[in-house]
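Next up: a single chain in structure tokens, the form predicted alone.
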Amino acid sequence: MTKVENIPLSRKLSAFVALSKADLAVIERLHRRRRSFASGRDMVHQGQAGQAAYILSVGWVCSYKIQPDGTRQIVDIQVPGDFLGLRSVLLRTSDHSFEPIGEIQAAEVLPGDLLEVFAQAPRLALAILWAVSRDEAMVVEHLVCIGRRDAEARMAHFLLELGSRLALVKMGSKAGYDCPLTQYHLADALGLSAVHVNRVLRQLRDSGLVTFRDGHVTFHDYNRLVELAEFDPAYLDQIGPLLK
């Protein structure tokens, strides 16, 4: 069994708070109901009520909304260490759907589990609130990306953000990272067509900045890519207060 210190959620929250043994014990209990989900079948449906939240431990998930005309807008990509549907549990109804990208493993979290965290581990509860606030900051940045950045900068920013998030759980670096997303995922996340995504990725590769091929993102010139995207990772708050 994976040591609790190496669970992605532990790695992520450790950026904000120095986790005690008691905190780690609570995180371990949050992972006691482990489930596997197959690719392509929604874990949670838009409009669904009374569902649990989840902590993603293995694999990637996309959260999305279906528009009246049947088109899909991906609102976020979840990676290991992320919560799924936490807001929906508190609001009782999910306002979007969650679809696994490949087979995934996640821990089911019930409202009572959250009450336990807040009652028994207030510092850990504060770290979870930090994680939720950070997710909200990312959604704001995504809105700016789609509304104000051109296609190349939008793609560069998206790939850089994913790299930073994965680095937090030791799954990525400034050299690159494994990425299971297809060009259709990128299109639905960035408000582009699949054809446009292909063209933009080719332009970024030909410019010697980044290559996305065979499920792997390789950064060739990280600093120039940051400059192109005007990527300021401050909104990710990955060097938090680290409360003792």
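Each residue number is its position in the shown sequence, starting from 1. As the structure is a computational prediction, the values presented were derived from the model and not from experiment.
Note that the form predicted in complex with the DNA isn't included here; everything after this is about it.
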Checklist entry - Is A38 close enough to touch the DNA in the predicted complex, meaning at least one heavy atom pair within 4.5 Å? => result no
Checklist entry - L192: heavy atom within 4.5 Å of the DNA in the predicted complex? => result yes
Checklist entry - Any of the heavy atoms of E136 lying within 4.5 Å of the DNA in the predicted complex? => result no
Checklist entry - If you check in the predicted complex, is K65 within 4.5 Å of the DNA, heavy atoms only? => result no
Item to check | Output flag, D76, H157 and S173 jointly within 4.5 Å of the DNA in the predicted complex, heavy atom basis | outcome: no
